[in-house]
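Coming up is one lone chain in structure tokens, specifically the form predicted alone.
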């Protein structure tokens, strides 16, 4: 049974622990007086971040956990303060005495530690990578994030769904359309309505355009991190053209505000010409890049994630599919009827993650052509009803999960599990037997979000 998420919410007299698996959702009540639960991390290693976060958010004790360090709380976060409890209403916190964070490390003769981050030379958000090395060889990596917690879960409590939308769609810029579609599906569930097919196609069209933008970006950056800068220039050109197409269609380069219940008219002829040109450009890029032996010498057998480990760490998206797992939320009749083909590889290395992206760009172009509709579509949204709702969507990074509880017309609990929250926990496995110079290459081949990971 595949683990998808584990989180808590506060009730009147208890905490409720919700564990979401692929085929079922389990709930457990624990006393507020003695909030103790047993860890799942011995069976599902990726559960440990969920459990550490539950402790930081609510003060719930995780029994038998192999890692009880803070996850979200940084070194000067005040002790005994749990921000997702209902009684927490503070807008400012006093810094506590500095409490050093004890990193995992391998010790021994000739072994030394290399700290990378949390501030980086590139324009990326903060993240810390602690390496144990023997010479150039990486022996161990610990990934530590959560330096810019934005308190989104707390921020959304008490807001209506309409008030929450501008925040939700900005959680992770490279998955804005995906976040909006999750929100859309929860809105539809809560109003007991279905989306007209034409509007569903329009939204799916934008989701595939978002996927193309980020795959093209990665297809440029991955060779760049192996020293082949020309690929970055070409990939960036194609990604920028796609980004401009997004703005032309939605009014915003990231598609903010584009997933609503009023379908926009698309210039079908102009869009077909753009997609035909993109098909030619991608074919040229593929022929070119596949014939650079020095690149494939770096890509192949680098950053390997075996299928067994991919399953064990509950990976999703390109990372999972490159290791032989058939996981994609688009595996449904609507997508298959419009030409969806599941991209799959088995080697689990940088090279296969690169090839998956190439396959998916080409398939996304075909899907977009099939999703093109000249007719406009509209849905008059009905009043939403209270309840507990869940939604999934396949973002450019992988499976996105969102849960919203509505009580008396406003959000009682908001939870989202970005695909990066799962995949970041598997990155350290990919580093063994490689050298530290391969780290940027391996990391980029996974294309993980910092913002989506750190709410």
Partner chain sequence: MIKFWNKRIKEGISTENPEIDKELQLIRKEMKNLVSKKFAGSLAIRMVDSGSCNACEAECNALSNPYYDLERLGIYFVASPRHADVMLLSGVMTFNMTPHVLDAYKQIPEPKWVITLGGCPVMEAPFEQTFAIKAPAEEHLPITYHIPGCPPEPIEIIKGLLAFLKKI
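Only a predicted model underlies this, so the values are computations on that prediction, with no experimental measurement involved. Residue numbers count along the first chain shown, from 1.
One more form of this protein should be noted, the form predicted together with the partner chain, which is absent from this view; the next part is about it.
Let me know the one among 233, 197, 270, 265 whose heavy atoms come within 4.5 Å of the partner chain in the predicted complex, would you?
Selected residue: 233.
Tell me, which of 131, 146, 335, 313 has a heavy atom within 4.5 angstroms of the partner chain in the predicted complex?
Selected option: 146.
Would you check, heavy atoms only and a 4.5 Å threshold, whether residue 363 touches the partner chain in the predicted complex?
Contact check for residue 363: no, nothing within 4.5 Å of the partner chain in the predicted complex.
Distance check, residue 100 to the partner chain in the predicted complex, heavy atom within 4.5 Å:
It does not: once the partner chain is placed as it appears in the predicted complex, residue 100 has no heavy atom within 4.5 Å of it.
With the cut-off set at 4.5 Å between non-hydrogen atoms, does residue 284 touch the partner chain in the predicted complex?
Because a heavy atom of residue 284 falls inside 4.5 Å of the partner chain in the predicted complex, the answer is yes.
Answer yes if any heavy atom of residue 90 is within 4.5 Å of a heavy atom of the partner chain in the predicted complex; otherwise answer no.
Answer yes; at least one heavy atom of residue 90 falls within 4.5 Å of the partner chain in the predicted complex.
In the predicted complex, does each of 141, 185 and 309 have a heavy atom within 4.5 Å of the partner chain?
Checked in the predicted complex: no contact with the partner chain for any of the three.
Interface stretch in the predicted complex with the partner chain - options 257-265, 233-241, 188-196, 133-141, non-hydrogen atom within 4.5 Å:
Selected range: 233-241.
For 285-299: residues with a non-hydrogen atom within 4.5 angstroms of the partner chain in the predicted complex?
Stretch hits, in order: 287, 288, 291, 292.
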